[in-house]
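Next comes just one chain, in structure tokens: the form predicted alone.
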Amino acid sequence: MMALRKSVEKAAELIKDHAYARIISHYDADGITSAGIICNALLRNDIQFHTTIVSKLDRSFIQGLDEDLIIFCDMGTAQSDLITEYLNKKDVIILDHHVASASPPISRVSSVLLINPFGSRSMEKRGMENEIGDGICAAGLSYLMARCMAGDNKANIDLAGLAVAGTLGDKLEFTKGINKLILDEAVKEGVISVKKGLKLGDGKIRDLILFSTEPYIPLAGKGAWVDALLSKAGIDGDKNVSDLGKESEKRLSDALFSLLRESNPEISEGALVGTTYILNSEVIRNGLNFMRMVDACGRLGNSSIGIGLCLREEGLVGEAKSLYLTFQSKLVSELNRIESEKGEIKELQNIFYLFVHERGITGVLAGIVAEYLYTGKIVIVVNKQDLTEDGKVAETKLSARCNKKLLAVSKGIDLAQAMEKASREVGGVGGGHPVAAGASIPEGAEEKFIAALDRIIGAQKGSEYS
């Protein structure tokens, strides 16, 4: 942890030597909140900036960067060789938590500063994750750097809400390590409030259930079924969930949990009821609502609205809500299709896979299917909808997810490594985390990739299949 602290302090001092910065970040909730934290910190230090949100880093993009100070958030570790090759004369900071297959090739004389507790699998195996808790996300790293930039003990603590939103987006825990330290300090200073309750977010009860995908309630998209459940439980669906009394909330949670157990007997009550986080300094106070709206903005190609929320632009809340409803409608449509149409889920020895019909929901859909519907194997979602981009070679995007219970049983599974290897076999790129990873491959290589991935995961599990 001391090494991490020194790196963050060094990055903070480096930033203050510049009058302008280019920020490059990933398009999900963690990436956008990470960039948002840095934007706020730069504004408060009178440093101008230009922020770009992207889905991936490639050679041509990195080669085209020409600013004196470049900050990468929630990405960059896997591309550190390209960053070092093309940006070695620039001041570069990488704030990332994705695991690389080997130690990143950054020389001692390079001006690239990599801040990543899990820079390589060798570091992870030496126990780095235990040292900092259950993992810190990019937003957490950005927050630590913003705190170092502040100078005094209190400044920039109000940005902790963004760090919490990023942590929620990456489904990391607050029970120990740095995440707990960040949360505890923010609660003490009144930046964040915590309470126990339904983990549905805030809003009208009927709407929350109708669009609930995390947790995934089998009533999603089925209005008549939602009304029947609410009527049976004696709950007014037009009420805001925050207005429910304890007895009514208990009645509703019992009804929903009973339904969840019917479709997934192994699910715990913690998927539905637990700690909720109120972000007292943000324009959207409920932590889940904030995270989900920022995430939807990024995934639907409106990341500027997500950044605006992080900069506390109240006028953007309406647009963000609209994008979130659009995103949830896409998810619910896909989930209903998967449940109603036979043959949508294909099965191999070590994986389930399916082709998505909607755009922009690949990773989130994979996570829901792996956690709630097809829990016995790795789930792969294949997206052929975004085949071309700015005249570039057509690509197919894939997301892989593994629920934690399966990972605990099959401890050899590492989706980051598996996706990286399989994509390389077909001329693509891939990587991520052991439980969640992605890949981009050439159009037409889908079946070859899936076969390779199934083989690689089988080898990881130690099966005879090869």
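Keep in mind the model is a prediction, meaning the values are calculated, not measured. Heads up: residue numbers just count along the shown sequence, starting at 1.
The form predicted in complex with cytidine-5'-monophosphate exists for this protein as well; it is not shown, and the discussion that follows is about that form.
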Task: Interface residue in the predicted complex among G161, G201, G135, G363, criterion: non-hydrogen atom within 4.5 angstroms of cytidine-5'-monophosphate - done: G363
- [ ] Report the residue, out of R147, K330, R292, R299, that has at least one non-hydrogen atom within 4.5 angstroms of cytidine-5'-monophosphate in the predicted complex.
- [x] R299
Task: Contact test in the predicted complex: Q417 vs cytidine-5'-monophosphate, heavy atoms, 4.5 Å - done: no
TODO: Although cytidine-5'-monophosphate is absent from this view, report whether H98 comes within 4.5 Å of it in the predicted complex, heavy atoms only.
DONE: yes
- [ ] Answer for H433 alone: is it within 4.5 Å of cytidine-5'-monophosphate in the predicted complex, judged on heavy atom distances?
- [x] yes
Task: is_contact(S399, cytidine-5'-monophosphate) in the predicted complex, heavy atom dist at most 4.5 Å - done: yes
- [ ] Sort through 42-50, 404-412, 422-430, 60-68 and report the only stretch with a non-hydrogen atom within 4.5 Å of cytidine-5'-monophosphate in the predicted complex.
- [x] 422-430
Open item on the list: Within 4.5 Å of cytidine-5'-monophosphate in the predicted complex, counting any non-hydrogen atom, which residues from 433-453 show up?
Closed with: H433, A436, A437, G438, A439, S440
